[in-house]
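First, one chain by itself: the form predicted on its own, in structure tokens.
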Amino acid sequence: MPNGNLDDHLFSKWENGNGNGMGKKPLTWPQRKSIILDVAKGLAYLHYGVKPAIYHRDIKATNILLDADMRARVADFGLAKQSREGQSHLTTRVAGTHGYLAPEYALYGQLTEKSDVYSFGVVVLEIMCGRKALDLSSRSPGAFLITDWAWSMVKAGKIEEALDASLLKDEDSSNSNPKVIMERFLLVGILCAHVMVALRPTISDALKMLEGDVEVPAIPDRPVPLGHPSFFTDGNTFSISPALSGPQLHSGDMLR
């Protein structure tokens, strides 16, 4: 594709003011909005437009290609799986990419259409926040998970701070009350990437929220992350996310 993949545009270094450097300019708000809607429509087609439905299983920034007009195309169906209507898959062979995998799929092998919705939510957060889904670098204490971070920022009333700074300086974002729309897209991303399956929308409902046809519901609380020290009784701690307040996660909750 002429413009490569989404990851190239989100995480390459930006060009400097003189136009020098090897990086790319940050995506504008209209471009980001269009890419998110294109991916949502592509997933809606896979889930509802073909029979049997197709679960992609590897939605991530590098698998979203951009054409000459910066329109997005979902690519790489090497891990895709067809499903009989109304059925879910249980598998011991989990495929996908760390940071994008739905927890019920990664932990229990349960694959449904909402596994793709989770991955889509992570991509939306990457686009809106300008941060990678998973960061294991030394810059972050422990590991950085964008799903935990974005949720905690919204719950702390810092939703504007969660947005990519370049979006708020974007000269193209002066029409149609864009900040409100940007915040709506961010909230939909958080909802789609909720740890609880039952609290995620379908991709069809997510698309309606993104387009403003239905209101985004209040963002529900999340269970304490699985890496939280409270899950360990021997004094060892392995925290993969910030300590977030919320109900304890009981066995099987993520499958409901």
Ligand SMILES: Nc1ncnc2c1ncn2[C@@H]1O[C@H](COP(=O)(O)OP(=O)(O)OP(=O)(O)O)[C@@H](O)[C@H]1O
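Just count from 1 along the sequence shown to find any residue number. Every value quoted in this text rests on a predicted model; they were computed, and no experiment measured them.
Only in words, not in the display: the form predicted together with the ligand, which the text now covers.
Legend entry - Interface stretch in the predicted complex with the ligand - options 186 to 194, 24 to 32, 210 to 218, 55 to 63, non-hydrogen atom within 4.5 Å: The contacting stretch is 55 to 63.
Inset, instruction - Give a yes or no for Thr97: in the predicted complex, does one of its heavy atoms lie within 4.5 Å of a heavy atom belonging to the ligand? - result: Output for Thr97 is yes: heavy atoms within 4.5 Å of the ligand.
Legend entry - in the predicted complex, Glu161 touching the ligand (heavy atom, 4.5 Å): Residue-level check for Glu161: no, no contact with the ligand.
Legend entry - 4.5 Å heavy atom contact, Asp76 to the ligand in the predicted complex: Yes, contact at 4.5 Å.
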